[in-house]
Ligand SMILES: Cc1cc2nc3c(=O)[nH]c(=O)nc-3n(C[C@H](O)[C@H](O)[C@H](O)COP(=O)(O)OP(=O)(O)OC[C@H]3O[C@@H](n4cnc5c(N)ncnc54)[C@H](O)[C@@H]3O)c2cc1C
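A lone chain, given as C-alpha cells: the form predicted on its own.
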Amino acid sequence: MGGGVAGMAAACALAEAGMRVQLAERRSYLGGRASSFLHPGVGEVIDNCQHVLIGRCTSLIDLYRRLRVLDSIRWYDRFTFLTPGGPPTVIEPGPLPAPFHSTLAFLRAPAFSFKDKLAIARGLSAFMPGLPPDSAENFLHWLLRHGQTSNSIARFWKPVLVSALNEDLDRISVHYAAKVFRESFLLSPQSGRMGIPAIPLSELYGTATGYLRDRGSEVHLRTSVDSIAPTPTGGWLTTTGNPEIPAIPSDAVVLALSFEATAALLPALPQNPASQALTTDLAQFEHSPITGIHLWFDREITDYDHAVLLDTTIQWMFNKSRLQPAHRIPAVGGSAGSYLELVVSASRSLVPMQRQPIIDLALQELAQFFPAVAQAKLLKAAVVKEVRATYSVRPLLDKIRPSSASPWPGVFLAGDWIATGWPATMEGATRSGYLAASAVTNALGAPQTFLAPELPAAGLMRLFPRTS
C-alpha cells in the first residue's frame, strides 16, 4: 500500500522473489514525493522538487538497476560553490588517498579563508573514526563547540547539510549530520559523487509498472486505503476507495505510506499496547518544506550543470536544459533558451510568501551569480512548495523510528521515516522497502535479503570500522 519509492522497492523485490504483488497507490502515478507533473501554469512537465543521490546509495542504485534506468542517472565528481561576484570554488577528488582525496581542492578554495579551512579540516576529522551516537545535541551547537568559524558554517557546513537533510542546523541530529559529511567527503571518492536524474522523475520511476506486470503482479493507481482487517484464515483484507477494486485479500501487507498517512490508518487496525505506542511515536514526527523555483529564459544563463549558491536564500541551481536536454526550449532570436530550477531547502521563510515575490527574489539573487540574467527575458516561471517534503531529522528522533515490524503479524512498515540508519532520502526509502520485503519473506517461510552490499571504504578509511 503506497507507490512511493519505498512501496516500489518492496513490491519489486517481492515480485522478483516470485510473489504475486498488488501495489496500490492513491495518486495517478508512481513515485510519491519523487515525481513529476504537467504544471498547468507553464505547460511544462516539472519535477515536484529536485532529487539527487550519492554513490553511497547502493540500494537505490540497485533499484535503478532492476528497473533498467541506471543509464538515466548523470554522475558528477565536481561540486562548484559560487559567491556573488567572486571566483568559483571547485571541490573535487585529487590524487591523495581517502579521506584526503579532496584536500588539495579545499586548499585552493577561494570561498574559505585559511582559518576556515583549518576549522573545516578539524571538524571533518572528528568523523573519521565513526559516527557519534544520536544525542540531544543539535549540529549547530556541535559546530560552535568544535570551534567552527562563522564563515565555514555559512559557506560549507550549512549549504551542504541543509540541502542534504532539508533542515536548519539547530534542528539537525549530530549523528545524521556526521553521516552526511563522513560519506560524502571522507569515505571514498566514489561514495561522494553525485547522481542527478537525466529524465523527469515520473518517467524514471514509471518503469516500475512494467517491471511488476512482467512478473505477474499488478499496479492499481487511484486506489487509496480505507481499512485493513485480519481474516479468519490468518491473512488480511484491505478495503480501498477504488470501486473497481473494493477489497484486496493478501497473506501480508506492507504499509509504505507517509508517517501521517500511517498514523491516520492506525485507528482502523486492531488495537493493542504496541499500536498505541506507535501512535504516540508517530505524533512526534514533524515536516520540513522545500521550495523549487522554475525559470525559463530566452537565452543561455550559465554553462554550469549545477552549482551551490552561497550567501543567498537560494541554495542550489540546477540547469535542467543541460541535465534534461528534452527540456531545452526552442531558440528565440537565434539563441537557445534555458530552463533553470532553483532550490531552497528548509524553506519555512518562503512558505507564507506569494508566488511573484518569490520569483522576484530568485531573479534578484540569481543575477548576483550570472550577469546574463539582467539582459535575459523571463518567458515563464513556476513555484512549487512541498510543505511536507521530508520529516525533520531532529536530535533523538531515532528513539521513535519504528522497525519494519508492526504491532500486527503479517503487516509490515516501509517509508523513509522507519529505522533504516538513513535520513529522509530516496536511499532511506529504498532501504525501508527492501527491509520490509525481507520481513515478508521471513514471515512467509522463504527468507531473503534484498539490501545491496555497502560501498567499501577506500584509502586510509579502510583502517576504521564500518558504520551504518
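One rule holds for the numbers: they count along the sequence shown, beginning at 1. Keep in mind it's a predicted model, so treat the numbers as computed, not measured.
Beyond what is shown, the protein has a form predicted together with this ligand; the following relates to that form.
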Quick check on this chain: which one of L67, I61, V52, A405 has a heavy atom within 4.5 Å of this ligand in the predicted bound form? V52
Would you kindly say which of N151, S258, S202, S217 lies with a heavy atom within 4.5 Å of this ligand in the predicted bound form? S258
Can you check 37 to 45, 439 to 447, 405 to 413, 23 to 31 and let me know which stretch has heavy atoms within 4.5 Å of this ligand in the predicted bound form? 23 to 31
Can you tell me if T390 lies within 4.5 angstroms of this ligand in the predicted bound form, counting non-hydrogen atoms only? yes
Please check if T425 has a heavy atom lying within 4.5 Å of any heavy atom of this ligand in the predicted bound form. yes
In the predicted bound form, does A429 have a heavy atom within 4.5 Å of this ligand? yes
Is there a heavy atom of D298 no more than 4.5 Å from a heavy atom of this ligand in the predicted bound form? no
Output the sequence-ordered list of residues from 195 to 230 with at least one heavy atom within 4.5 Å of this ligand in the predicted bound form. T223, S224, V225
